[in-house]
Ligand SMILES: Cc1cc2nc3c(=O)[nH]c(=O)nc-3n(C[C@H](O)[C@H](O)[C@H](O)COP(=O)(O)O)c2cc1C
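Single chain ahead, written as structure tokens, the form predicted on its own.
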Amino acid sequence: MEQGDEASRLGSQVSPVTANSAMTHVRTPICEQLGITHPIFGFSHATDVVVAIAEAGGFPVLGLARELPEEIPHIIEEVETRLAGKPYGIDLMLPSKVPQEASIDSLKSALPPGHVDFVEGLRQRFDVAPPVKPSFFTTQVRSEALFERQIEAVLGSRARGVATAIGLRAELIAEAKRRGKLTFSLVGSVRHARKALDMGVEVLVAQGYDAGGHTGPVGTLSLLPQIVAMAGNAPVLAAGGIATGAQVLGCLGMGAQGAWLGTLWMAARENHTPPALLARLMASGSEDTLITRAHSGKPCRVVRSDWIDAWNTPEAPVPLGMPLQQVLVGDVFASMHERDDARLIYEAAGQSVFGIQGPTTVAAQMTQLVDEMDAAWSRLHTWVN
């Protein structure tokens, strides 16, 4: 097969490469648009990870959905100072059907007594001590008032992109675009993708069932081609279960312009992952993750722990909706992370957890991903007649 035919087979969105088996850099149109070297998008709450991904040629996306509102401007300022003009994005979670304004104390009275008793029993069973430090999970409730503060900070930033993981806000999309920011939406179905495009979203992130965090019922390999087919000229990124460069290249071959990774970075030194959590991730395979409502009230893929397993027993009540589930259990989540409790600690994690083999760095991970893309390209080349 000639060079042009090979480029065509991988889709017109992939830049041509040399006709030999060595792949140089794959740069899709969105890479050119954003000024990045590799079609790798990395989501993280850790500022050190965000900076390292940018320095390695990827596009970092800073998650600010669980940060204290008063800290967000300082976090953004630190990231932008360290990035020194390198492009990055910010991700928010903006679910609907939350209170206009609320506090944890005001919502505690709405908690069903049976749920309160069940959680108290778990606290005693696992000897959970109250957290010492204030955190998002012990001081905040997802509400429209909170979202307004988060949105204001994001729009005032120099972030090149704005992504929403849950929820679409037409006014946010319009204002972000007016300020020259590229808008992204994580979607788990064709229906959600169509709604996002109708609202003016410019980049769709097809997030499959494999993904960590809040996710839907369709696997990445089934979801991606459907989103690509209906997206028209809108760029599509693939997300969910991606841990290798071969997977990244495969997604490009299916029409994606890049891959969105999150779980993998928890192995990096820059993530400052608590030791017990890192050990759990290293020991886990894809089957050690599951989708549960016990974390937030919405379906969320996490890595299993004794705490998560306790919510899957016959005596466990059905988790409450968002934001009440966080009001019910947020202090326990904060405590297990604060104390690095080896029995209980868990985190949102995708089926890509298989890619976490040991402690590493973002630079090493990016190098490995690119090398694996090259190896996969060479392997394909040997099969071409």
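All residue numbers refer to positions in the sequence shown, first residue = 1. None of these values were measured; they are calculated from a predicted model.
If you look for the form predicted together with the named molecule, you will not find it shown, but the lines that follow are about it.
Practice task
Indicate whether the named molecule has at least one heavy atom within 4.5 Å of a heavy atom of Ala65 in the model of the complex.
Solution key: The answer is yes: Ala65 has a heavy atom within 4.5 Å of the named molecule.
Requested in this report: Could you confirm whether Ala348 comes within 4.5 Å of the named molecule in the model of the complex, counting heavy atoms only?
Outcome: Yes, Ala348 is a contact residue.
TODO: Would you please decide whether Arg27 lies within 4.5 angstroms of the named molecule in the model of the complex, comparing each non-hydrogen atom pair?
DONE: No.
(request) State yes or no: in the model of the complex, is some non-hydrogen atom of Arg339 no more than 4.5 angstroms from a non-hydrogen atom of the named molecule? (result) Output for Arg339 is no: heavy atoms all beyond 4.5 Å of the named molecule.
Exercise for review: Counting non-hydrogen atoms within 4.5 angstroms of the named molecule in the model of the complex, say which of Val236, Leu223, Ile242, Cys251 makes the cut.
Suggested key: Comparing distances to the named molecule in the model of the complex, the residue within 4.5 Å is Ile242.
Item to complete: Taking 4.5 Å between heavy atoms as the contact cutoff, choose which of Leu261, Ala268, Ala176, Ile227 touches the named molecule in the model of the complex.
Response: None of the others qualify; the residue that does is Leu261.
Handout entry: Which of 86 to 94, 117 to 125, 150 to 158, 306 to 314 sits within 4.5 Å of the named molecule in the model of the complex, heavy atom basis
Key = Of the options, only 86 to 94 has residues within 4.5 Å of the partner.
Just give me the residues of 172 to 207, first to last, that have a heavy atom within 4.5 Å of the named molecule in the model of the complex.
Leu186, Gln207, in sequence order.
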